[in-house]
Each structure stands twice: as C-alpha cells, then as structure tokens.
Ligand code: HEC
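Quick heads-up: it's one chain on its own, the form predicted on its own, in structure tokens.
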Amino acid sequence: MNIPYRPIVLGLLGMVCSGIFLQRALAGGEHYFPPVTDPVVREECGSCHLAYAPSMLPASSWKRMMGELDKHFGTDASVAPATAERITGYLVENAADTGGQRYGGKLMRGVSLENPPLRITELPKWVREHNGISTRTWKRKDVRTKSNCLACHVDAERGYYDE
C-alpha cells in the first residue's frame, strides 16, 4: 500500500508556517495597537516622539490633550487650528473607547472615563506590565523616560509592543 506522504507533509508544513506568520499579525491581541496611519498625525506628533496609537487612550484624554497643546507636558506643541482639528478628529475616532475598542479595551480596564489619565504610563495595565523594571533601567541614556517605548519595543512604530 503506497501512502502519499509528500502532500501530507507539505500540508502540515504549510499550516505551521502560516501559524507562525499569523501569530505575528495577530500579536496575541495583548501587545498590538494599530499604529497611526494618518500622515498629518504621524508627521506632527511623530516629529517629537513616537506617534502613539490612538487606541491607547480614551477619546476624552485625546480631546483634553489636544485642547492644551500650548502646555503639552511642559512644551508648547501648538499647531495651526485646522491641523489640530484634523489630529483631534483622528485620535478621537480611533480612541480606546470609540473606533479602537478592539485593541484599547485591554488598557482601559480600571480607568475612569470621567477623569482619565493623559499619560499612557499612568494606565493600570501599563503600570502592572512595567512594574518589574528597575529604576536603573529607566535612567539609562537610551531609555531616559517611561514614554520612550522605542527603547525597549523596537517594533512600536508598527504597533507591536511585545519585547
């Protein structure tokens, strides 16, 4: 009896390879946040820091942040009114409690929408996940601040925050 092993082996190999590639695409759901796709938002926000995924904060945080650009974490990040309106619209539309719910819900657990934080680093899930990082690590020259995601998450610009 001649059993056709080759098609079975090739089929299994194909399933394994597909699984490996799909795992990266799905990113386990835990550490993936769709990156900013709007070119204006990427340019304006990304000129000073990583253009954070809108699904990392609720709409009320983005609205408040965009309304206070003249004192954006100690810096005047003001932009033209039309640009601010476009950026605000994009961030709100894709925020954790609106269009980005599929991804942002994991960060919003335990967050009050009446008084949400402006800093992603103040979210309970962020704090839990980074709790074991030493003070010494945060002070390294290549890290310097908790908001410097790219220091540890090399694919953060593409939305992947797994290590």
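Throughout, we count residues from 1 along the sequence that is shown. The model shown is predicted, which means the values in this text are computed figures rather than measured ones.
Unshown form predicted together with this ligand; subsequent notes refer to it.
*Asks:* With the cut-off set at 4.5 Å between non-hydrogen atoms, does T135 touch this ligand in the model of the complex?
*Replies:* Outside the cut-off, so no.
*Asks:* Does D162 reach this ligand in the model of the complex if we count a contact as any heavy atom within 4.5 Å?
*Replies:* Yes, D162 sits close enough to this ligand in the model of the complex that at least one of its heavy atoms falls within 4.5 Å.
*Asks:* Does any heavy atom of D97 come within 4.5 Å of a heavy atom of this ligand in the model of the complex?
*Replies:* Result no; D97 lies far from this ligand in the model of the complex.
*Asks:* Though only this chain appears here, would V154 touch this ligand in the model of the complex if you measure heavy atom gaps against 4.5 Å?
*Replies:* No.
*Asks:* Indicate whether the candidate residues M66, L69 and R119 are all in contact with this ligand in the model of the complex, with contact defined as any heavy atom within 4.5 Å.
*Replies:* Heavy-atom distance to this ligand in the model of the complex: all three under 4.5 Å.
*Asks:* Taking heavy atoms and a 4.5 Å limit, what residues of 78-92 are near this ligand in the model of the complex?
*Replies:* If the 4.5 Å heavy-atom criterion is applied to this ligand in the model of the complex, 78-92 yields I87, L91.
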